[in-house]
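As structure tokens, one chain now follows by itself in the form predicted alone.
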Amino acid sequence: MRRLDQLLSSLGYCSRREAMAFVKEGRVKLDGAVVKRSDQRVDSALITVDDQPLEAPEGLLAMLHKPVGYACTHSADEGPNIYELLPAHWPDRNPAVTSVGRLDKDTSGLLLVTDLGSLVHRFTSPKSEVEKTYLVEVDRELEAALVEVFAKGDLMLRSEEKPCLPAKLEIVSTKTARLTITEGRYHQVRRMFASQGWHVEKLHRERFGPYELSDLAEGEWRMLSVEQAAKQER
């Protein structure tokens, strides 16, 4: 049970002061009855705002199809950012919604966002070794030898002290490949190909752990089950 004003504020609906106005206007109901006091302790599962259940009161997890050109930052200094594609009140949640890992501006594809630190840790901890699959387009014809180079687990990147973990490379066409890695180093996919003399022209993440973009359109997002995510095995 939580105070109503604290609950609404934490979910980004309004400030604690503004919650008083919500109540006075009759916008908040508890099990169908209009709430009279903003400091009343309530069960979040029984609260509605404007006759709609509270959005993810126990925390949210969503999948976003990130377009090229959007930064994974809350700062407006870097131009368009992914939070412009999400509901405007999500950054006002406490904790605020954040991305699980990052995709650079020039990379498109699947990005997870959540306000649950436990899920951020679960999906980004090196110990978890979560698989990420990318569709990669390069500047010149690929060579079959790259498959073994990436799979051996001894590929060193510049300024790194440890080799990359084994990665699975599937050559799809002359200049296109599908790469699955279990790490999240800085610009890792681009640097792996660059280390062997290839420049990545396009990079798109198709899969993150158990999640795939499927038919999710570019720039769109879809809510995921927090409960199922918490139960996912590595």
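Sequential numbering from 1, following the sequence displayed. Owing to the predicted nature of the structure, the values given are computational and were not obtained by experimental measurement.
Omitted from view is the form predicted in complex with a small molecule, to which the following refers.
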| property | result |
| --- | --- |
| Among the candidates 92, 131, 139, 104, the residue which, in the predicted bound form, approaches the small molecule to within 4.5 Å (heavy atoms) | 104 |
| The small molecule: the contacting residue among 189, 169, 54, 63 in the predicted bound form [heavy atom, 4.5 Å] | 189 |
| Interface segment, criterion being heavy atoms within 4.5 Å of the small molecule in the predicted bound form, picked from 22 to 30, 161 to 169, 43 to 51, 181 to 189 | 181 to 189 |
| Interface membership of residue 203, the small molecule in the predicted bound form, 4.5 Å heavy atom rule | yes |
